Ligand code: S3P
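Let's start with one chain on its own, the form predicted alone, as structure tokens.
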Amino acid sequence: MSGHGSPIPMRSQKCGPLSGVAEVPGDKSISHRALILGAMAVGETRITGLLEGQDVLDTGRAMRAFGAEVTDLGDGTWTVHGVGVGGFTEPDNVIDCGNSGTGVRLLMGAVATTDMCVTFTGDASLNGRPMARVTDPLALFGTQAVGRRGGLLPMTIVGAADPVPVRYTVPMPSAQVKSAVLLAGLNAPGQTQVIEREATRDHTERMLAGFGAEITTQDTDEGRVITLTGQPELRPQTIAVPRDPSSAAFPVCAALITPGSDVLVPGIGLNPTRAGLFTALREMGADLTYENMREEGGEPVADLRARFSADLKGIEVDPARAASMIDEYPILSIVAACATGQTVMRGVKELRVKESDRIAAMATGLRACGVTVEDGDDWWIVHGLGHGEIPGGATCVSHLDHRIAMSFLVLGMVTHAPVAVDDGGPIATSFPVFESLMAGLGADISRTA
């Protein structure tokens, strides 16, 4: 079942060249953070290009429940009248975060140091994902968390009435954990420090600085030390959200593997903590170029041009790059299946605890389509068959995971027989215009029920 309704079975089949301009939605990570920090500022924050997928809309509803005034002005433009750091009010009802792990973990951090009680829940997928990785460090502030056995949602957070600053080393590469601790640190006195041994996406640090927080980063022998001075008055901002590189990955990869394709994807955020996929694709021999490189809203941006690449080769992906492309491994595995030779992906255990076990989901579906895949706890290997050699013909299970569904629909564009997914409904959580955008480029994707 989809997290927001009945299943939507979908099917993709071989198509002609993809061509045109793919205007993908705004960045999901930045959209979440813009709404949350806008609600914690004093005054009106204006956001353009906001992703209006279900995940972000759920975060917007949560901000309203916490007392901020959130207004949709149309065409991706929103305003948030914030209540200031520590100004949230206790909501009347349970906060439903739908399918969004980013949303719920950031919101837990945002309320952790305010004297209030909030219960969070989500859909079946989100309620099966681990929350202790966030609630454990939040407990250091004095926050209490009570959930289901195993640290699962539904979960009630009791914010610390008298929070203390913390110094916390993140045990795994996780921008969500880092960001939750930093958001909690906003309403704690003194300096809160987060140490990460491997750099992860830094949208929270960049945006905190933009809103006027006193925040510094320093590379040390311990790792990357981020120091935040608590209890600032955040200043409202005007934020232009760049287009999401994780969403851009789908039309880009589809163009690379579909004969004759030439697709331009404009205005994509190329934050170095997010752009690992594009580096890996170019290492494989992809005809992928950056045009009109610029900076918007403090983030590097460029237009991406992807052309069909007939001679893709398997590679060993640098494990140090995993954090910068963790959400893109499913679609990378599709490209790997169309390449020649093995593509080896290591240091990716985080894929086991995403919206689904993404290694298991992709491995099962690829095998059903005739591709050999090996996998272990934190690694997997795709044995590429080369261009035009994948049988296809399977119905793949999406496991309520938007990226699994979109990845297999891209695969169906180049297989001998169509590829189906049992439920494409979750795609709306991050990429609500996926079907129409891909159809506009020339893809043949249809709903089958």
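In case it trips you up, residue 1 is the first one in the sequence shown, and so on. These numbers come from a predicted model, not from an experiment.
Keep in mind that the form predicted in complex with this ligand is missing from the display, and what follows is about it.
When this ligand is considered in the model of the complex, Asp327 lines it closely, a heavy atom lying within 4.5 Å.
Under a 4.5 angstroms non-hydrogen atom cutoff, this ligand in the model of the complex lacks Arg206 among its neighbouring residues. Using a 4.5 angstroms limit between non-hydrogen atoms, Ala175 touches this ligand in the model of the complex. Although the partner is absent from this view, Lys349 stays clear of this ligand in the model of the complex, with no non-hydrogen atom inside 4.5 angstroms. Note on contacts: among Ser333, Gln237, Ser309, Thr102, the single residue with a heavy atom within 4.5 Å of this ligand in the model of the complex is Thr102.
For the options Thr59, Ser407, Ser29, Ser398, the residue carrying a heavy atom within 4.5 angstroms of this ligand in the model of the complex is Ser29. Of the candidate stretches 187 to 195, 360 to 368, 167 to 175, 149 to 157, only 167 to 175 has residues whose heavy atoms lie within 4.5 Å of this ligand in the model of the complex. Residue Lys354 is the only member of 351 to 381 with a non-hydrogen atom no more than 4.5 angstroms from this ligand in the model of the complex.
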